[in-house]
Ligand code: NAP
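One chain comes next, on its own, written out as structure tokens in the form predicted on its own.
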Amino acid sequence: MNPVALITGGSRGIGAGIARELAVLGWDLVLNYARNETAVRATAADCAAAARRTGSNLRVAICQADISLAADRQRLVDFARGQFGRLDLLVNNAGVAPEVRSDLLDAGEASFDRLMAINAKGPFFLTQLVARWMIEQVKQNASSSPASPADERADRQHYRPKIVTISSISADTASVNRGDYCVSKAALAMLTPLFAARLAGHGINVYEIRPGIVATDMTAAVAEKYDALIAGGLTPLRRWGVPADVGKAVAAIAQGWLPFSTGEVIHVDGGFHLRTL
């Protein structure tokens, strides 16, 4: 039985990059999208092709849901349960940028409310739903009676659920022309230490991946600006990030390569977070 990952915002950009990396590892996938069905079906096809190239046999299920809405969050979790009966990894990736970049002194409440609902409230309450289900699965797994110590070790390793939230360098970097976005990402960053502390006793590890400047649809409109900043030394690694960079970090977590870590912020930003003299 393949492990199963649920990726919100899995249609394009970073979400699609994460999906492709997990597909190579042979993970079954639930790809969530809000609006662009064409894009998510293309990502699903890419994942199936990537799996075939590595000899993996996987299933990809697609579910439309707006994670800012309680009914949609519940429907998404119910869909994953109905399709696969288990969940090994939640990737909170869905997020939006401001529709219009406004100076901090001109920012409006409608944009603020939209960003907070999708970028912070949605992941918080989706994680709550998934965490309850994961605890249920942990208890079911522990209730089985292994025949030997070796079987017991295998049983403990069989189900080790994880939660990963994709945030942004904007969680702790001020951009005064999109302050509402920064506040939403700063709020999102608190999700990881909260759930890491609450779920550690159940064997559920929780992580934040904080990407830097990544080439996606969201950054396309400001590509010229970032080209110049990167060339000028904004990041020690002088290149744009790509979705696969984030996908590989998620893949490392998915494979259990950080077993003694939880609540960690993993920077995938080309060294942007470094302070140098």
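Note that residue numbering follows the sequence shown and begins at 1. Values in this document were obtained by computation on a predicted structure and should not be read as measured data.
The discussion below concerns the form predicted together with the ligand, not included here.
- Mapping the unseen interface onto this chain, N36 counts among the residues with a heavy atom inside 4.5 Å of the ligand in the model of the complex.
- The shortest heavy atom separation between T219 and the ligand in the model of the complex is within 4.5 Å.
- Residue contact check for D46: none of its heavy atoms lie within 4.5 Å of the ligand in the model of the complex.
- The ligand is not shown here, but in the model of the complex it comes within 4.5 Å of a heavy atom of I166.
- A94 is the sole member of M134, A94, C182, A107 with a non-hydrogen atom within 4.5 Å of the ligand in the model of the complex.
- The three marked residues, L89, P193 and I253, fail to reach the ligand in the model of the complex, with no heavy atom of any inside 4.5 Å.
- Residues within 4.5 angstroms of the ligand in the model of the complex, judged by any non-hydrogen atom, belong to 63-71 and to none of the other stretches in 22-30, 63-71, 46-54, 228-236.
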